[in-house]
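Before any questions on how it binds or moves, here is one chain, the form predicted on its own, in structure tokens.
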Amino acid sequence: MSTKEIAEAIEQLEGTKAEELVKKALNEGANPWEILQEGIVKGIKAVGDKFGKGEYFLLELQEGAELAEKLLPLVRPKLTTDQSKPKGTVVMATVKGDLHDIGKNLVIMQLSLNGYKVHDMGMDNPSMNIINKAKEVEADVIGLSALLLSTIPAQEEVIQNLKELGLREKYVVVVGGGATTQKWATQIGADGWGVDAVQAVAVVDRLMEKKGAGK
């Protein structure tokens, strides 16, 4: 029984098989961190790669994320505390007026699988609610999702409010969603932009490294 089999089962979206393989590996005393990184994370990354190549579509990408979400509770209790120290704390929110959250949820899954502690605020969040949550949980990153052209101005509003409060330099702000572009992110002064969930981890990793280097 190898973690490669777990990764392949996830890649092929074979949920029942993947769950059985994870349980078997745990029962056989396999290292839970290897199961997580070499099995579950590699599997969901493979799904993401297929999505990027056009071999899978959004439905399959979401199915892969949901599968990983079912497998994580099997492994989490076995992970030791010292190894599970988060790489950073992220507040993720769909902005005010927008009721779409599939993309946001996929980003949350990717970040969680790759070592970030993520606070999901759900949909339709007023700007100050997002900022207050970031302050409450001492976030490193604020992620703002918006699918519609009519709601993306709320992303800019969050950044403007942070500036007015003297908090802009405290947080890395990343934007995304169907109506957003790199040009838009640059225009409103966001730190980063991701075209989809597959890119999210690389973008946040890069910005967190930059933030750490600037301390």
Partner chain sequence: MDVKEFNKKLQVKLREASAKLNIKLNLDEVIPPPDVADAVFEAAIDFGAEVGLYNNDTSRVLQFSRAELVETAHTRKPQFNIGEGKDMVTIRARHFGDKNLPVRMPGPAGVPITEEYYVPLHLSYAKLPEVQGIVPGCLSTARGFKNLAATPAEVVCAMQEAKLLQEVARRAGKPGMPLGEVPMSAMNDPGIIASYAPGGFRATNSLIPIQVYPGLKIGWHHLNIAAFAQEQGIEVWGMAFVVLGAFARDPIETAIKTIAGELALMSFTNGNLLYSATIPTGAIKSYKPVLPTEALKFLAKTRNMEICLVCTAGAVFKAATKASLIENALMAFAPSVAGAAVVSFGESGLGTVVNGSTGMEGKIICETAMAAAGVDDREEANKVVGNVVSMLMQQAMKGEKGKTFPECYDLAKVEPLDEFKQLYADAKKDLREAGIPFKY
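It should be emphasised that the depicted structure is a prediction, and the values quoted were computed from it without experimental measurement. Numbering follows the first chain given and starts at 1. Think of the rigid core as the biggest set of C-alphas that the two forms share within 1.5 Å after superposition.
Absent from the display: the form predicted in complex with the partner chain. The rest refers to it.
For the three residues Asn31, Ile35 and Val75, a heavy atom within 4.5 Å of the partner chain turns up in the predicted bound form in no case. A residue is said to contact a partner when one of its heavy atoms sits within 4.5 Å of a partner heavy atom; Leu58 meets this definition for the partner chain in the predicted bound form. For Leu149, a non-hydrogen atom is located within 4.5 Å of the partner chain in the predicted bound form, even though that partner is not displayed. Although the partner is absent here, Met128 lies well away from the partner chain in the predicted bound form, with no heavy atom inside 4.5 Å. For the chain shown alone, Gly88 is not a contact residue for the partner chain in the predicted bound form, no non-hydrogen atom being within 4.5 angstroms. Residues of just one listed stretch (37 to 45, 167 to 175, 151 to 159, 23 to 31) have heavy atoms within 4.5 Å of the partner chain in the predicted bound form: 151 to 159.
With the partner omitted here, the residue from Leu113, Ala139, Leu106, Met121 that has a non-hydrogen atom within 4.5 angstroms of the partner chain in the predicted bound form is Leu106.
Heavy atoms closer than or equal to 4.5 Å to the partner chain in the predicted bound form belong, across 158 to 190, to no residue whatsoever.
Here Leu207 does not count as shifted, since its C-alpha moves by less than 2 Å between this form and the one not shown after the core is aligned. Superposed on the core, the two forms differ at Gly52: its CA moves 2 Å or more between this form and the one not shown. Inter-residue distance, Phe57 to His119 (Cα): reduced by at least 3 Å in the predicted bound form versus the depicted form.
Relative to the shown form, the Cα atoms of Gly177 and Gln62 move apart by 3 Å or more in the predicted bound form.
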